[in-house]
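In the form predicted on its own, a lone chain appears below as structure tokens.
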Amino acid sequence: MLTLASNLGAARSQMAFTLGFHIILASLGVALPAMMLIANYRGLRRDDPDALLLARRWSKAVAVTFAVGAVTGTVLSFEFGLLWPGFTGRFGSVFGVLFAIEGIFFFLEAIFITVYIFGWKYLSPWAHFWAGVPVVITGLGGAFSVVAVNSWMNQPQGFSPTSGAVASVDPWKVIFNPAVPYEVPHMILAAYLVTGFLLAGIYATGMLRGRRDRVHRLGLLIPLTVACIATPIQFAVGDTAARAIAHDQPIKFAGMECVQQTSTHVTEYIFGRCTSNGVEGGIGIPGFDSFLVGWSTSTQVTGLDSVPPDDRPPANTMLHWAFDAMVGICSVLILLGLWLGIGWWRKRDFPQSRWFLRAVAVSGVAAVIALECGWIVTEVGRQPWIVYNVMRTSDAVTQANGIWITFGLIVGLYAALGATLIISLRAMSRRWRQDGREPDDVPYGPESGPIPGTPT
């Protein structure tokens, strides 16, 4: 029993670490190619060499992040079988089709990334642009496939029987389970938020350091515009998801909001400490939790008291704060988008103040924090189930020894990968600043010579 508890803690910790690391790279893999193509399209349509220069530079960043993400994603796929043999052994035939589809998208994406990067020299302008479109499509397809597996774990269907060996599988019901309509858009929009704000934050930091050339201005404006458009849409999708969770996974919602007893006119608490008696401290809004669930303060909200203690998620401060932080950060980013919109409406340009640039510079880190908080809510909130109301996490974990050792090795490996990624991207950035234009021109790309305003 002690070994099982130790293995469960180690396996969950290792999975949480690897997933938390990989999800950032996965988000870049989904959305960075789109930013690249927007710059490429602008460069071709407006004969804009600066936009083409950005597209070419971002294509190299796409290649680097894709390569590192491939390694971290491969480790995750092995962890499913090594850490959770009870889960894969019983349900591998159910969700395996989604991983097979994801594998197809992955290899297609790798092929078209290669074609796009080499195509700068060997393809005509529009042929090269269209060669990049499948990179975006395959990234979205891969994201759909992986998130659909997680959706199925939250809303399992399409198999029978529910106990014992699985004898019958309906792939369509598995792929298009009830949680897909809100989980998949929520994750894809999160990828565009994280990528857009991170990329804009890099160029905002450069502008704060005096690099005010047009490349930096475009490098900030393109991803920031995409992210600011996506943010209010994400807020609406997240609101829909929260209501769906309150209906389909009421105990998860109770853990997120620390609702101990089933009742109406439930107070919404912003932060505060979650205890067995409810939330202590924080900012309370009477009846607002019930209103959020059913558009009325008289709506009944299911509490943790409706199920035995062993069937409850860890209704602790971390889960409650993760949910509040995710919502709070998204709200602040909407305000940043309004700031950008007002500035553009007044002057047809983004605000030039240092306070605006500082806000953009930190927005990327804030978006990453919101992303991680969202996955904490999704995964911790489902506990103690690995497949909701069907299989417990404790029944799926491996009985093998040495999980803490592999966890330590994984941390070392990922630290090395993360350092390699950061060092590589920083080295590329320094070279671009020193060289100005790319040393090797492309047939339709920017002309040689320094960019006006680039420090020499």
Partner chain sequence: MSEADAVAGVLLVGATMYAVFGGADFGAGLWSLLAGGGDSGRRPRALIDWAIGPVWEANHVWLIFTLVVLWTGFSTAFASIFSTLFIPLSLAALGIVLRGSGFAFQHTARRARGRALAVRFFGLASVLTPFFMGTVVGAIAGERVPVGNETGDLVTSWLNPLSLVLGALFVVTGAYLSAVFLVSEARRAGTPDLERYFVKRALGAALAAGTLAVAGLIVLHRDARFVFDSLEGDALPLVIVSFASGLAVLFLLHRGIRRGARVLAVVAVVAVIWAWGVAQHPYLLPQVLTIDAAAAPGNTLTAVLIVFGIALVVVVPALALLFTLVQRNFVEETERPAYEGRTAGIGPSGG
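Residue numbers count along the first chain shown, from 1. Worth saying up front: this structure is predicted, and the values here are computed from it rather than measured.
In what follows, reference is made to the form predicted together with its partner chain, a form of this protein that is not presented.
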Check Ser59 for me: does it contact its partner chain in the predicted complex (non-hydrogen atoms, 4.5 angstroms)? no
Looking in the predicted complex, any heavy atom of Gly328 within 4.5 Å of its partner chain? no
Please tell me whether any heavy atom belonging to Gly402 falls inside 4.5 Å of a heavy atom of its partner chain, as the geometry stands in the predicted complex. yes
message: My question is simply whether Arg209 lines the interface with its partner chain in the predicted complex - judged by any non-hydrogen atom within 4.5 Å.
response: no
Note: exactly one of Leu37, Val68, Ala51, Val387 sits with a heavy atom within 4.5 Å of its partner chain in the predicted complex, namely Val68
The one residue among Ser77, Asn316, Gln260, Gln155 placing a heavy atom within 4.5 Å of its partner chain in the predicted complex is Ser77
Which of 103-111, 219-227, 274-282, 304-312 lies within 4.5 Å of its partner chain in the predicted complex, heavy atoms considered? The stretch 103-111
Do heavy atoms from each of Leu19, Tyr41 and His265 fall within 4.5 Å of its partner chain in the predicted complex?
no
Those residues of 250-268 with a non-hydrogen atom no more than 4.5 Å from its partner chain in the predicted complex are none
